[in-house]
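Listed next as structure tokens is one chain, alone, in the form predicted alone.
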């Protein structure tokens, strides 16, 4: 048993893939921050095996066997929504939301996303030739889109973006995370009560009319669902857009290939999702004894799927350390896999495609305004990314 080694990253690139990925066994015992031993699943096939079997590997966050990956995760146990449930509870809640996140529904949103992206770039060009793409572009794109979809006032974005950062940042303490969750829940509870008096046309309004009013959900349950959709609906995609810019700028030949053939954009987004690993890991616990890559996992054992290593498994992705915009990488596990696969994945893909495609078309001379090694990096243990992304053109 060992703690996963920390492989040094190249000084010239803080997001350079570590050479040690290939050294990991597909499944091994590791120790968490609190001393608990769990199984780390780093192989791609083994990750999919775990994620495809919710009957054996549970997502129930309130169960004492569920492994907390950092102290702040303990506060998430008090937020009950489908991401931390097993079927049939998970199935029932997810079914309420599916129609709002289908490919068809997402395609209907593409013109609005394009208009939004164009408007933000108009503002950037007007202020240029230097901009910070995190607050000026990467963050507002998904933040505005999820607000409009849910029916959350974007005028409140400074509040909920700040509290969301406190929820997902790796260095956040348990006390800070608990306070952020409490503030977000109070905000959303007040918003839902206001919508009950004065209905609007967002997804939250639909769920109030179709579920809360009929007894399908309590108001408290809707608050927890809304919290998940609001936080996950902008934080991860904002980081993916920003890191997508960094990755493409650091691979000029791949960026040139994408510019010469924009039809590669969907496959480039899949490769970015594989290559960047925005999220650290997916936690589960075994409900029964099971065999996994020659190991005997016992009932009650914690299991953590390590997304970054699964996405760099050479058995699934030849030359996994290479970034290639024409790679067929849609079988990555950045959105999870199986019944818990990210419900917002179609929307995230659309936002990334439109944001990145339009940015590099509108600003062909785009380049970093600061050395890559000097970019402030988000702390490990949370959503990965950069706090600032100064660029010029």
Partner chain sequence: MRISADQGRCLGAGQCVLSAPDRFDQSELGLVEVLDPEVPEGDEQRFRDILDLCPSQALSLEA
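As the structure is a prediction and not an experimental result, all values here were calculated from the model. Positions refer to the first chain, counted from 1.
The form predicted together with the partner chain is left out here; the points below concern that form.
Relative to the partner chain in the predicted bound form, residues 95, 331 and 339 are all within 4.5 Å by at least one heavy atom. In the predicted bound form, at least one heavy atom of residue 90 sits within 4.5 Å of a heavy atom of the partner chain. Residue contact check for residue 52: one or more of its heavy atoms lie within 4.5 Å of the partner chain in the predicted bound form. Shown alone here, residue 158 lies farther than 4.5 Å from the partner chain in the predicted bound form, counting heavy atoms only.
The shortest heavy atom separation between residue 127 and the partner chain in the predicted bound form exceeds 4.5 Å.
Of the residues given (28, 358, 56, 346), 346 alone sits with a heavy atom within 4.5 Å of the partner chain in the predicted bound form. The partner is absent here; in the predicted bound form, the one residue of 296, 78, 104, 263 having a heavy atom within 4.5 Å of the partner chain is 104. Partner proximity in the predicted bound form, defined as non-hydrogen atoms within 4.5 angstroms of the partner chain, places exactly one of 363 to 371, 323 to 331, 58 to 66, 30 to 38 at the interface: 323 to 331.
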